[in-house]
Each structure stands twice: as C-alpha cells, then as structure tokens.
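Starting off, we have a lone chain in the form predicted on its own, written out as structure tokens.
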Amino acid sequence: MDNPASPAILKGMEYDTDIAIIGGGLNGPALALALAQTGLHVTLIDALPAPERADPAFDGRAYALALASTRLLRNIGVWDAVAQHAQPMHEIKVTDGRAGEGPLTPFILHFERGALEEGPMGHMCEDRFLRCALNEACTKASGINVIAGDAVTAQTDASGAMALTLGSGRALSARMIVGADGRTSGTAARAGIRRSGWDYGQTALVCAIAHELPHNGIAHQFFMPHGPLAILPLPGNVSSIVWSEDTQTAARFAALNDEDFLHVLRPRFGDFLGQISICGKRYTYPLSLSVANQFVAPRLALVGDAAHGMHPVAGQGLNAGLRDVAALAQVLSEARQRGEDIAAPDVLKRYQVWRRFDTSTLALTTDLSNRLFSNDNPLLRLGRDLGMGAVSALPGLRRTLMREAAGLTGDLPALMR
C-alpha cells in the first residue's frame, strides 16, 4: 500500500522522493526507518505483494542477531515488537568431529554466559517476527512511502536525479537509489556493477527442530568434514539448524521426507536434546562467496546481500547488512546536515570506504574458516583443534572473539552504539 507523502525538493528541483530503496526484505525496511528518522523522505519498493510480506505463519527460518544489530533495531523503533519473540544466546559451544562419532578432540571452544558486560552476545529471532515488525513500522512511519507488489524494470541517471520505471508502468524520480535486492541485485546489474567470488560446492539445509530437552540458550557449532552444523536456540524447546553439506549430498537429503531426513540428521545432531522432530518447512540455500566490485555508483549505493554475500559459518550475513544500513544512514544524515548533496560522489565514497574493508575482511574470514574446518585433513584438524584449545586457555583472546561476534568491534555506526 502507498502512504501519502509529499515530494522532496532540493535547490528548485522536485523529486518524488529523496531516496528510493529497491528491495523489501529486511535490510531495505530497516534502512527506510533509519533514514526517515533523519528527516529524509523514502520510498520503499517491494516486489512481493503486501499480504505475502505480512504473512505471520511459522516457516522455520530464523536469524542470529548480534548485540550491535539489536541496538540498531532498538534505535529505529522495532526491537520492542521483536524482543518478546527473541531467544537470547547465552553461550556458544564450538566442537570438531564427524557424523555419528561426536567430537573427536577434547578441545571445545566455549563462549560462556556473562562474559560480556553489555549482555548476551546476541538473540535468535524467527524471520516472520522480524519481517512483520519492520514492515508494520514502515507502513506507520511518516516520511516512508511503501510500494508493494511492483518491481523496478529500468533506472536512469538523468538531470541530477535517478529516474525509475516500474513493472506497472509507474515512473518515479529520486535523488538517489539504494539496492537492497539480494545477491542477484537488479539494481547493481543495471548500474553495471559486477561481482567477484566463487561457489563452495556446498548447500545449506535449513529448518527448525523441536526437541525434548531445553537448550538453555546455548548455541552449538559442530564442524564436520563436509561442512558445519549450527544448532541455534529459539524460544521454547525449539532450535534452528543450518546444516552445510556438499551440494550433491544436500540435494539427496533435501529430497527425503521428514522422517528419513531426521534419520540422517540424528547422528550429526546427537542426543543431547533428547528426541527431535521437524517443525515448519525445510529450505536449501546454495553457498557461495559473492562481493560487489563497488558498493556505490552515480546516485546509487548497495546494502546487504546486494553488496556482499558470504558463507553462513559465522552467522554474520544479516548482521553485516544491518551494519551497512547503520553506516549509510549515518553518512547520508551527516551530509544532509552539512548541506551537501546526499548523492554526491564524495558522499557515497565515504560509505564505500567505511564498509568495503570491513565486509571484505569478514567475507575472507568466513571463507578461511569454512575451508579450514570443512575437511578431514589430519594436519589441518590438529592445527584447528590446537587453535581452539589455545583460545579456550586465553580468556582475553576469547573475550575479544566474543566481542567480534557480538558486533562490538571496529568503527561502529552511531545506531549500533
């Protein structure tokens, strides 16, 4: 639905909106809310019809929100609606082993409860609650116009504005546009931005598992030769699993019915949570590293997966996207306060410089972690197990890694402080 809003005016030029955000997943609405708070007028264009985006049905998808990300959600006014459905992650346990054999080393990397004075390292939240909270906030916010069920088919930089054409035939002008439309970003492609990366030959099997015993807010990461299995706590006796396997094996497992799927999962999952069953749908996601060669172009910026997609081994995909959101909102807000053109090349370059090094480093770190742990080479196994043992024995190093996982390190945008 469209929200009534007035056009943006700058130096005698009239636009339909200051910023058009293309993509209505999670990063797009979060950015819309952050920008609207600064006084900018935003149009959010979502290809999905509004009823589909607002569907509250449980489907098993969930996200690990780092502490810095929950701060952002609080600062844009949606955390209160999300918190009641979120499960704090009090501890994280990392082990190394093989399916059916359990951990093959005495070294367990354990990030303990209470080690961060700011609170839990993060929260797990289902997609449906986060998505609905963001969408509802956008429809209620002044300064945000939501166009649902329509897609951008063309974009042109002309006469100091970005001209957009939608599938419905509607035309829209904006001072700048933001691509929040995923790894296959049409926004980036139309701007001629290419991507670099590679395929991992792995696929993630994702679903929610109900279990007999309580998880006590503990997240588990079990590294196996073909890929890691993450067991992430949700409210109640339910956990989200992200299970990476080689693509051929994953396709075979994905084709199984629920009972047979559980039969191959149980040896990997173990019995520490008692009997298990599947709740909700099951999903598969091909895994690859994919980073845009530029995060900006004339009157254009990219955020989230449109800028960078990485392996889920560290659970940082959405967190990196929300950090983009906070950084871009800050750069544009500060430029506006100084009277600059928010879409000027030097303004957008500040955003790219801020985020590109951080995301490239994170992408390479997740890539190295996956390559180091997703194999059965005895020398590499010995090296990584000794490494986990060393981290466990050094509280200072362990706390540094915990703060990194919580998103509390580096040059934090104001919305995440």
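Everything numeric in this text was worked out from a predicted model, so none of it was measured. Position 1 is the first residue in the sequence shown; the rest follow in order.
What comes next is about the form predicted in complex with a small molecule, which does not appear here.
Asks: Spell it out for me: taking the small molecule in the model of the complex, does every residue among Gln330, Gly407 and Ala414 have a heavy atom no farther than 4.5 Å from it?
Replies: No, none of Gln330, Gly407 and Ala414 comes within 4.5 Å of the small molecule in the model of the complex.
Asks: Counting only non-hydrogen atoms, which stretch in 62-70, 363-371, 35-43, 349-357 is within 4.5 Å of the small molecule in the model of the complex?
Replies: Every other range fails; the passing one is 62-70.
Asks: Examine Ile177 and determine whether its closest non-hydrogen atom to the small molecule in the model of the complex is within 4.5 angstroms.
Replies: Residue-level check for Ile177: no, no contact with the small molecule.
Asks: Quick check on Ala151: any heavy atom within 4.5 Å of the small molecule in the model of the complex?
Replies: So Ala151 counts as contacting the small molecule.
Asks: So in the model of the complex, is the small molecule close enough to Leu48 to count as touching (4.5 Å, heavy atoms)?
Replies: Answer yes; at least one heavy atom of Leu48 falls within 4.5 Å of the small molecule in the model of the complex.
Asks: Please determine whether Glu245 contacts the small molecule in the model of the complex, using a 4.5 Å cut-off between heavy atoms.
Replies: Looking in the model of the complex, residue contacts with the small molecule do not include Glu245, since no heavy atom lies within 4.5 Å.
Asks: Ok, Val264, Val238, Ala137, Val206: which has a heavy atom sitting within 4.5 Å of the small molecule in the model of the complex?
Replies: The residue from Val264, Val238, Ala137, Val206 that makes the contact is Val206.
Asks: Can you work out which of Pro120, Gly270, Gly182, Gly280 has a heavy atom no more than 4.5 Å from the small molecule in the model of the complex?
Replies: When the small molecule is considered in the model of the complex, the option within 4.5 Å is Gly182.
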